[in-house]
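Consider the single chain below, provided in structure tokens and representing the form predicted alone.
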């Protein structure tokens, strides 16, 4: 089944069960995100709050996030706080694929249902803890390959490219890098380096600048998210290579839309932040109402990711 069809089928099923919400005690759902300084997660939060407002009789929402993408300790504390506040479910976009698993175990042991969105928790770490956590999100490798394949049309065999990876311990960063590498391998481009920009614009700028200095003949920078792409575009401009070095991103945040229109950013991918949160919340609410145990929750639910160009 195609991801969009699967997602629509899921929503239909959820809608069918929605009639019981108003008559029962409202579940309390916590949406725990990564950095709210990132426009992607701001969009996710706005989408979740809009959905809760439309379904105010069905559930209550607590939305929270950390200051920056790498502050896993702060995210762990937020989850522990949500456990203490006795939420019924947590919808989690983890800052680290492995480091968050122990606190997820704490939540589940306290009877809190957990749904994973955006960045997949590590399968091995989950298995070690005996956990089953449904993942709602796109195939990041496939999405990055869409972007990389579009870039590849403007490259030739032997061209040098660099990859700006997100936080390297996160599954989605690893998968996006793999997708970029798949596309570059197909065209015969040479990946001269993979370095972490930690999902941040400033760090992305620093990494991109260093790559441009080290490889004056670099043809493209493939960025694991749009924040890093913003930094890379600025680095290309500073180096006086606008139009010579192609830049691609991932997320389709509003901040990159002018760059797409001007051709300073060649392409990005839209993974629909708000929809991911809504799907995760609806799965959580339905499971709470049905008293579904964590180990009987549904498996992975693939959501849509689309190529976005000028």
Partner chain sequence: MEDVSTSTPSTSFAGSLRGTLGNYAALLAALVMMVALFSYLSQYFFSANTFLTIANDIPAIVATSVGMTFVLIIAGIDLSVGSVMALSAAVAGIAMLQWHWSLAMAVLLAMGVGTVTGFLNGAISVAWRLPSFIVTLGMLEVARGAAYIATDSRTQYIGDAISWLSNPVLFGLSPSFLIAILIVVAAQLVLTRSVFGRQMIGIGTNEEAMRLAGVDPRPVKILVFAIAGLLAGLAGIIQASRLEAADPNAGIGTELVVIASVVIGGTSLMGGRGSVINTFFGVLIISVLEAGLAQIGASEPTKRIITGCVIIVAVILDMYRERRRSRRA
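No experiment lies behind these values; they were computed from the predicted model shown. Numbering follows the first chain given and starts at 1. We call the rigid core whatever largest set of C-alpha positions still superposes within 1.5 Å between the two forms.
One more form of this protein exists, namely the form predicted in complex with its partner chain; it is left out here, but the text below deals with it.
Only one segment in the set 85-93, 71-79, 200-208, 99-107 has residues whose heavy atoms sit within 4.5 Å of its partner chain in the predicted complex; it is 200-208. Its partner chain is not drawn, but in the predicted complex it has a heavy atom within 4.5 Å of residue 216. For the chain shown alone, residue 227 is a contact residue for its partner chain in the predicted complex, at least one non-hydrogen atom being within 4.5 angstroms. Shown alone here, residue 156 lies farther than 4.5 Å from its partner chain in the predicted complex, counting heavy atoms only. Its partner chain in the predicted complex comes within 4.5 Å of a heavy atom belonging to residue 196.
Just one of 26, 51, 275, 264 comes within 4.5 Å of its partner chain in the predicted complex, counting any heavy atom, and that one is 264. Scanning 152, 125, 234, 146 against its partner chain in the predicted complex with a 4.5 Å heavy atom cut-off leaves one residue, 234.
Scanning 112-150 for heavy atoms within 4.5 Å of its partner chain in the predicted complex gives no residues at all. Residue 148 is not among the residues whose C-alpha shifts by 2 Å or more between this form and the one not shown once the rigid core is aligned; its shift stays under 2 Å. The two forms, fitted on the rigid core, differ between this form and the one not shown by 2 Å or more at the CA of residue 241. Core-superposed comparison between this form and the one not shown: the C-alpha position of residue 186 differs by less than 2 Å.
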